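Quick setup: one chain, the form predicted alone, written in structure tokens, and binding and motion questions come after.
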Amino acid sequence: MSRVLYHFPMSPFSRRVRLALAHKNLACDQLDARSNDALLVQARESSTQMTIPVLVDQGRAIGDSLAIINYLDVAYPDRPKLWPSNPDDAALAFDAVAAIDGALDILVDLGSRYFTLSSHDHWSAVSSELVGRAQRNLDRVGKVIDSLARRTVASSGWCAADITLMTSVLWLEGLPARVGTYAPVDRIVKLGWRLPDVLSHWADAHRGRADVMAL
């Protein structure tokens, strides 16, 4: 097969790409980059991002989950669209994804990349400010979702914003059960953020989707 996805099974960023591929009805070989050191090196050397997931498609390597989603809409315009065409829907979808990613990036960075700085005198103040920013992003998305009289972000139906939100909610909800299995998870859980109930309630309408259940 000419399409390969290097991914981490539980990563919300990897999961959103898997859902995007399913939405586009695109078959793909999925390689768990944590299962083999050589695969991880191979994936990171394939993309300038040096992060996971990485999609290799028709000889093209794309890193970063959002870049991959954008690529899929451009490369396969004849398949179901990931981004809505209506300007109002598109603005809502883009804003929701930016807010969600803003929150996830902060939590992941504080729990992993930046945690070595936790012994610094200013860590508490800085981490508190950043977690507050992440919480505001989550709350903002919650208010937007609560104001919609429909089950999807866009009026046109399931799109990249729903995919991003769904995988993020599943990941955040699942973190407490994974405490003790992976040090960064413990740290993220202890940061003091809260997933708005409205987002979990929104996700309830989509948990039974075949593509979501396959995650």
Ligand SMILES: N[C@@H](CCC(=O)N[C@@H](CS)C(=O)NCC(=O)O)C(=O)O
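Nothing here was measured: the structure is a model prediction, and the numbers come from that model. The numbering used is simple: start at 1 and walk along the sequence shown.
There is also a form predicted in complex with the named molecule; it is not shown, and the following applies to it.
Comment: 43 to 51 is the region of 146 to 154, 173 to 181, 22 to 30, 43 to 51 lying near the named molecule in the predicted bound form, near meaning a non-hydrogen atom within 4.5 Å. Residue 65 belongs to the set of residues with a heavy atom inside 4.5 Å of the named molecule in the predicted bound form. Among residues of the shown chain, residue 13 is one whose heavy atoms approach the named molecule to within 4.5 Å in the predicted bound form.
A residue is said to contact a partner when one of its heavy atoms sits within 4.5 Å of a partner heavy atom; residue 133 fails this definition for the named molecule in the predicted bound form, lying far away. With a 4.5 Å cutoff on heavy atoms, residue 122 does not count as touching the named molecule in the predicted bound form; it lies far away. Residues of 186 to 209 are not found to place any heavy atom within 4.5 Å of the named molecule in the predicted bound form.
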